[in-house]
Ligand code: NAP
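Presented below, as structure tokens, is a lone chain in the form predicted on its own.
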């Protein structure tokens, strides 16, 4: 492998397209694959090579990054008919940046290891803003020597690169992160809904929340959008629901009560059922608007 590894990127959604763009800006040679060709063509205009299958991406890359939606999508990208394992070669490394669960990460790593392919599970947090600015927090699990090898690639997409331990720990930390993110969104949504019912000055509310003990990324980034009724996705509601379901899977296996997460999952189930799944997670305010009149 050269000092500047060739990178393949699979999955060019809201986050993936921005992360891939930052890799190009950092000077990496990039090959991209996406099921819908239009998103890949946007990266082509920036200098990326577009291929037709994950296998072709693997053949042309030293490191493959997958940033698809869920575990079944990862399964298809890795092991499907045109999966990247069909393009495997010596020193190929896969970085799984999708969010699913520790169980899947461990399974994928074992199956890839049998084919002499290294695997790091490295989900991210920071939303579309972090992906755009290259300031994501990336939590990475896997063999330490493999992690050290891919750090320069991760640093092109993120500001805080955290090694979490063995394979699967990256996914576990990400799920814990999602609990806090979801709870924070719940608190902001309830506060805003009550503020509107009581005719509270919303500018004053934002100034207090964003400078006092309640301050958070959700307050800083999402509350202004919610005040403006902007529910365009930086991170889709349906994806947070998926992550919360994985949290509950882990908790149920341990017979551990998770009352807050259980409630949060039901709220996002309701939000998706109301047709807001493809909107941002801040669309939770719509649930309160519906039942607050």
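Residue numbers count along the first chain shown, from 1. Given the structure is predicted, the values throughout are model-derived calculations rather than measurements.
FYI, the form predicted in complex with this ligand isn't displayed, but the following is about it.
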Distance check, residue 31 to this ligand in the predicted bound form, heavy atom within 4.5 Å: no
is_contact(residue 244, this ligand) in the predicted bound form, heavy atom dist at most 4.5 Å: no
Proximity of residue 272 to this ligand in the predicted bound form, heavy atoms at 4.5 Å: no
Contact test in the predicted bound form: residue 57 vs this ligand, heavy atoms, 4.5 Å: no
Residues 14, 69 and 128 all lining this ligand in the predicted bound form, heavy atom within 4.5 Å: yes
In the predicted bound form, the residue from 73, 155, 107, 82 that sits within 4.5 Å of this ligand by heavy atoms: 73
Listed residue (36, 266, 229, 232) with a non-hydrogen atom within 4.5 angstroms of this ligand in the predicted bound form: 36
Region of this chain that lies against this ligand in the predicted bound form, out of 197-205, 145-153, 161-169, 94-102 [heavy atom, 4.5 Å]: 94-102
